[in-house]
Every structure is written in C-alpha cells, then in structure tokens.
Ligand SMILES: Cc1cc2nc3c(=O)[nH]c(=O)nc-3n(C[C@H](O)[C@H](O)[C@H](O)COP(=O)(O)OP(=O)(O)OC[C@H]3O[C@@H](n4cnc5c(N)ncnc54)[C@H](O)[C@@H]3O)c2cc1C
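Consider the single chain below, provided in structure tokens and representing the form predicted on its own.
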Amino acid sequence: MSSRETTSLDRRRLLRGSALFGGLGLLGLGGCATASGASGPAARQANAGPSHFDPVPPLAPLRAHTDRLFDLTVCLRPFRAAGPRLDTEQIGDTLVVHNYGHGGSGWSLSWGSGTIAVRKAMANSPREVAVIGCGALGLTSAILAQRAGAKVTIYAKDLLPQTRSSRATGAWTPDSRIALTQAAGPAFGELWEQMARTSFKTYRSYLGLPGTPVEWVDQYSIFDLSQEQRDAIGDRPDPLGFASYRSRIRDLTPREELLPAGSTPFQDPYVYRSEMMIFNIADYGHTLMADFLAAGGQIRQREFHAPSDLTQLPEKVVINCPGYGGRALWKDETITPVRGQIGWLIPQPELNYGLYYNGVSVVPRRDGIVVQAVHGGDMKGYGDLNETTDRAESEQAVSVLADLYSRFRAPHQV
C-alpha cells in the first residue's frame, strides 16, 4: 500500500464530525487534546454553516519541517469521571474549597469554575484567602478572590512557566475530557454550562490587549471524504462514554461551513471553516500574574505533602487548585492521568489560522505553533503516566503536515 493510500485510510478512521475543530468540537486539552461530540444527520443539520459564503482570505503556508521543532512538552491532564471537584471540607480550623480535576478544560472553564469556588470561600467574608497552585485555576481563582475583597496569597511549588498548565494547547475546549456522561449525571450539564458561559464572557475582556493574550482565529478542517462517507465508517472507539455538552452553548460560537471546492489553497475536496478562541499562554499567563500582583497579591513558593500542612498557613480559608498534583496531595484516586504531547514549531507571525488534518491539529500561537497528534480520540493517552517526550511522535505529526503543504497552492494560484 502506498503512503498516499495509507494516509487516506488513516483519515477514514478519524472522528465522524465534519471537523474536529468545528465550532466547539475543537481539540484542546491541557497540553494535549481530543474532542468528542454528536454526529449523524441531526448533528449535521445542527452544525450546518450559513447559507452565504465569505471569501477565504489569503492563507500563508505552514513551514512544516521537522528541523523547525524547537521544543517538545508533555503534560498529564487531571481527568475525573464525575467532573471537577468543587466541594468543601474542614481540616482542623481551615476551610478548604476544592477546585481541580478539569481534564482538558482547565483554561477554558477557569473563570467559571473559579467563580463557584470563590463564592464558597467568601461565604463568611474572610479577610484573607490562600490559593494553592499557580496554574490556570489557581491564578484565576486568586484574581476573583481579590475582586471579592480578600487579601490573597498564592502558595505553589511551581510558578506558571513551570506548571503543567503552561503546556496546554491554548484552545477554547470547554468540554474536552471534562467527565463521563454516566458518572457525572444529568445535573452536571447545567453546572458545566454555567461555568462555560461565565468563562466565555470573561475572556471578552482580554481580547485586544497588548500582547494578544486571547484572540479569535479561523480554523480549517480538511478531509478527503464527505460527511456521509465518514458517518458510514463509524465513530472512533470510546468505551468509557466521555461527556459532550457543547450543544448547550451552541449560540456562543459561529457554526462551521463547508467551503466551495477550489476556494482555498488546500487540494483535498472537503474543507470546513469555523472560528476558535485561543489563549497565547505566555502572554495570557503574564497578564494574569501582573494583574494579581498589581492588586496586592503575594506569591510564596512552597510544597505541601499532606492536607494537614494547610492548617499551618495563616489564612484559614484555602482554595485548593493543585491540578494533577491533587492526586498525590489528597490521595485522590478518582484522578486519572491523560497524557498529551505538543511539538512546538518556531512561530510564524503570518500564520493566523488553525488546522486539523489527518489526525494532526495545529494551533497558531504567538509563542510557538502547537502541533499535536490526536489519533485515538478521547482514549489517547488515557491512564498514561509517562511524561517523557517522544520526538518521533511529533516528527511524524509534522511529516503529515508536510504532505498537506506539499500540495498547497499559493494565494495567486487559488
């Protein structure tokens, strides 16, 4: 079988949705990614794009060369079948409010999840609040606690550049491995929607800021088979039943559209366009840190080995945002690691669109172009504790993209 035939066969084994990144179906995850969602005739009708066609702007080609991989990173996303832990517990004289276990949706849901946690933490109007963790959930919870009137100190072993949150793909993926449908139960869908809508609205205030911490980009998903043909092939295996809630917030983002043949530089017959929100985490994290410190926040580097250590803090209200670290600190066996690897290509300022093609996703961040192999769907990396990087995995993903761009037509040829 030729390499071209193998590539075509692999594509036929991918997800049934018309575009992995289409609308809210985009992959993301904290450092890795996969998306799950409905498909079939009803889903196609719900996801149908507008009847009009907006012309495609000139698209720059991705410089897909393996020698342009300047970094590889791996993270373990903290997945909990029942969804994030947001309960409270009393340890001695200290109230602990938990806020961890968001799978691949930590950045996306951080403001909504933090709002819930801070509301519980501030129930008795404490003057001082401690936050454990300096990742996506820790920083946003700390800022929200400040806005609620508390003096806040963050305690963390690692600051944001070293946290697992910094290895996230940086895409808006609010239901990426957030829960299992049966384990979470029907009530969680309403809570998830509340978190997603709160977060989405908050991100509006970060658009247009210096450094472009948050921005919208076009997203192209490319296939050689029609939607009907992919529907006939069937779903990727998902023996656990990962939850998909994106239909609850379908009104927040534009719907994907199938572009007319020949209207893009891509030669494959089925090209879908949608739009996605991305977080340029280097700039966004710097903005959050600056906002927190400017409001009088303090950061103390400290490692905790047992829940009882929290009682030694001067603050008697603690918002606990340890991410995957919660598995060890709280002996929380409900957390399952989900491994994901990113290959980082040197930034291209002119590359202003995202991409999905043949099991590889691309997020065009300013601090590096995220390239990620996502074959295997939601089960990819599930239960894998290995944080060692695998260069061959990322080189293969870049090679897939090189194949695509070898047939890319320059703008004047379209």
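So that there is no doubt, residue numbering starts at 1 and follows the sequence shown. Note that this is a predicted model, so its numbers are computed, not measured.
What comes next is about the form predicted in complex with the named molecule, which is not displayed.
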{"query": "The named molecule: the contacting residue among G343, P84, G285, G133 in the predicted complex [heavy atom, 4.5 Å]", "finding": "G133"}
{"query": "Candidate from R80, R273, R246, R167 lying within 4.5 Å of the named molecule in the predicted complex - any heavy atom", "finding": "R167"}
{"query": "Interface stretch in the predicted complex with the named molecule - options 257-265, 179-187, 322-330, 88-96, non-hydrogen atom within 4.5 Å", "finding": "322-330"}
{"query": "Touches the named molecule in the predicted complex: A142 (any heavy atom, 4.5 Å)", "finding": "no"}
{"query": "Contact label in the predicted complex: S113 to the named molecule, heavy atom within 4.5 Å", "finding": "no"}
{"query": "4.5 Å heavy atom contact, F200 to the named molecule in the predicted complex", "finding": "no"}
{"query": "Partner proximity in the predicted complex: S221 to the named molecule, non-hydrogen atom cutoff 4.5 Å", "finding": "no"}
{"query": "Contacts with the named molecule in the predicted complex, stretch 81-107 (heavy atom within 4.5 Å)", "finding": "H102, G103, G104, S105, G106, W107"}
